[in-house]
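Starting off, we have a lone chain in the form predicted on its own, written out as structure tokens.
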Amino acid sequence: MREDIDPPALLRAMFRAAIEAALPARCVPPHLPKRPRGRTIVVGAGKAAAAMAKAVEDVWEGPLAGLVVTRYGHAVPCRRIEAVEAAHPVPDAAGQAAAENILAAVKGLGPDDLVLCLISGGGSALLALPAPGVTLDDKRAISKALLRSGATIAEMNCVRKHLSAIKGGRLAVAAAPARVVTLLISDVPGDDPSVIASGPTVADPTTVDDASAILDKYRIDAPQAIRDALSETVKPGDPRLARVDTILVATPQMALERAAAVARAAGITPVILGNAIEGEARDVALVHAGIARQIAVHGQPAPPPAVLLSGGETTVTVQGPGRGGRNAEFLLALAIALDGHPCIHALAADTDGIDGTEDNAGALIDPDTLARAAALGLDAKSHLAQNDGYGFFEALEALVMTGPTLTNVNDFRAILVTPGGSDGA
């Protein structure tokens, strides 16, 4: 590691590199299909949907029309494709209207037409078209309960797609016999297309029984009418999906590799722990803390200077009234576990620029985090018990603020271990 390296600056540089690897202007154009003989209709949903639509417009030759829906504050100006905004993570009427219009836009097409579907993280909440027998208020209540329960994204989206009239392959069925090409920016562990935005254009292997079991597992108080409204999705092998192509254009692994390159350029060994790490944020933090200490004390799995990189999507089972997303929760638990270790700095943030429902992407910790907090009268363990990572890091002026990044390849964690050789306990 060069002596002039500033740990917080390096951590921020790696985070920026991770985001840049997944920007739509970079990753969408190389995967665009050839112009069809018929019409080209662009539809899509997600936090990156508007930026993806603009990336298409900037290079597409020929007629183009369509509609995409993105989160409030994530729209960008488009000339030919309409970009509308709706609520995330709890759906609203704007999302329902957008989903209705998207479904209508792909109906009545012929075999010479092309539907270009642009999907990114957040699309499941934004494409809010309830199944028959389900109201928008029903979906809002279920979404809120799942978000607080600690359910994984795959579990939440399993329930969502079985309560939907557009997800779980139904959008592609509506577009048949047109060709459907779906470009995906993955925000889910494992990059499963059927989980990303609840897979509106891909086959879904999960069942109504799976969705019902998830409601039971997390003790979600769903009325019997909601359970009765759970409906089967489009299954693998369905002939109506024969003309559907699905392409992953950006993934968490790509983002981690770009960050690793920044570390190497600074003379630091990157150790990628995984791109699909799940679990309670505070539990994942304990594991990361243990590995960081192993590097600091024993030089394993790499000698310092080294940086642990990981992605995926942790969960938070909300028990307190505090503010903060899963990255703030992870960092607060990590700081407590490290207890002021003199050789360890860390950043954790969401690549979409929004940690949970707050206005920050994430936060930073350093060896002095707990000491500075104590000087301000802040008790870290109390803040963790209240799920108040945001309040803790806001008081320390340690929040990472980016605003909407217009992409989304899930969480990014970087833990930098500098030379020192002491346990620090």
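Quick caveat, the model's predicted, so the values are computed rather than measured. Residue positions are given as counts along the sequence shown, with the first one as 1.
Unshown form predicted in complex with a further copy of the same chain; subsequent notes refer to it.
Although the partner is absent from the chain shown here, E280, Q294 and K381 each have a heavy atom within 4.5 Å of a further copy of the same chain in the predicted complex.
The closest heavy atom approach of A225 to a further copy of the same chain in the predicted complex falls outside 4.5 Å. Of the heavy atoms in A94, none are within 4.5 Å of a further copy of the same chain in the predicted complex. Using a 4.5 angstroms limit between non-hydrogen atoms, R240 is distant from a further copy of the same chain in the predicted complex. In the predicted complex, a further copy of the same chain lies farther than 4.5 Å from every heavy atom of S149. Comparing 204-212, 296-304, 321-329, 97-105 against a further copy of the same chain in the predicted complex, the single stretch with non-hydrogen atoms within 4.5 angstroms of it is 296-304. The contact residue chosen from A261, I247, V287, V90 relative to a further copy of the same chain in the predicted complex is V287, the criterion being a non-hydrogen atom within 4.5 angstroms. Only one of Q253, S143, S231, T269 comes within 4.5 Å of a further copy of the same chain in the predicted complex through a heavy atom, and that residue is Q253.
Taking a further copy of the same chain as it sits in the predicted complex, the stretch 183-202 comes within 4.5 angstroms of it through a non-hydrogen atom at P189, G190.
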